[in-house]
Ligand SMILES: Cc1ncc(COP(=O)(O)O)c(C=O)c1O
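In structure tokens, one chain follows: the form predicted alone.
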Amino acid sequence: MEDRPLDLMIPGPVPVSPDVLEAMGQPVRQHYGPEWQPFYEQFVARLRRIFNTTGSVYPIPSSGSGGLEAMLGTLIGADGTVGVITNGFFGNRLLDIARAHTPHVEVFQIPYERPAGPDEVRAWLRARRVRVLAVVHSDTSTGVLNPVADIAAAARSEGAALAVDAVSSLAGAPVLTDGWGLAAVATASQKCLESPPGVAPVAVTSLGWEIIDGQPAPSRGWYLNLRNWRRYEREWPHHPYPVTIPSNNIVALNRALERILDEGLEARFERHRQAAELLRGGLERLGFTLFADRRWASPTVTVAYPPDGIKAAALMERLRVQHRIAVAGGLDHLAGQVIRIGHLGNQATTERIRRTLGAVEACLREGSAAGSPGRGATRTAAPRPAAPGRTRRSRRPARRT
């Protein structure tokens, strides 16, 4: 059994700084009362700064998907109508969440290889007239970054408000919740927020509450119903949430937020951009083909096809066993074809990117990723995308609609 810890270069969770882990390991604190309340208020104020909002912020105890369900389910209401943009695995997850709350879901399906354009969003909305539209900002299945600011403006022009999955973008790419006129934004602690998994912060603006309060039939849930969180926030000032929040996770996340704000958001965005460019340039020099065009590539994750004759799964295994670096494989129709490398939060450093590139190069040089000897492995090239503007024959199964 290998004793060395894995260096996580997957698209989350990310490695956590020792001082954040130290905060996580403090004695359990009472999650309400006079000692906790000032700390909690400061914690929420820090979250508001990172969301760039003056609205409500709730640290939902859950994975990122729980925060997404709280956001989207509350905005939809019971059997409301919602539109969902899908151009990646996690866009399809938003679609699944929406369909769990209402049968009235309109789907705008975009090819995985590109973002949604504001003009096509505007035209699509004009024909459907939904009140709420949902989109993933940075989809870690493709490495594509959707232009949320422009999509939000297009939505507003057609009377719709945008709800955003910023699970892998908040604190790694600009997200102006108020400035872009968003209804709500959801994220997760274990990605660019550089903290252990377990908290899914959700921000709701005045626009979001206007939609929620104007519903003829409110959402039916309790735990993930943001109306309930708002009620406790208003009526129980000493305990402003309806559940026992995980105080150790909150303490750890608060320490991570301090680190983020000390670094400065603009400096962080530039660090993520530089890490992305360093990684992508290195992968291309090694013969990889990037899935997302640089014009719309996310600053927090890179998806790439390995060089001809190199199997993605074998490369991932050798990186893990020989170099103790974990990278992720493809999702949906990209399974077995690509690798996914995260550069979120603490991963987005020159040292980590260079170490990863060096390990990948060593695997390629050794020829160790072409397939396991004795198992009939063949050096078969994965399908590649054509250059921008050219047609590529697709071998993928039909996507969900």
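What you see is a predicted model, and the numbers here were worked out from it, not measured in a lab. One rule holds for the numbers: they count along the sequence shown, beginning at 1.
Although not depicted, the form predicted in complex with the ligand is the subject of the following passage.
- Annotated contact segment (heavy atom within 4.5 Å of the ligand in the predicted bound form): 62-70, selected among 29-37, 62-70, 349-357, 44-52.
- Highlighted residues V148, V164 and W180: none comes within 4.5 Å of the ligand in the predicted bound form, counting any heavy atom.
- Taking the partner from the other structure, the ligand in the predicted bound form has a heavy atom within 4.5 Å of a heavy atom of S138.
- In the predicted bound form, the ligand sits within 4.5 Å of a heavy atom belonging to F90.
- Heavy atoms of T74 never reach within 4.5 Å of the ligand in the predicted bound form, leaving it off the interface.
- The shortest heavy atom separation between S298 and the ligand in the predicted bound form exceeds 4.5 Å.
- Shown without its partner, the chain has S168 as the single residue in segment 168-182 with a non-hydrogen atom within 4.5 angstroms of the ligand in the predicted bound form.
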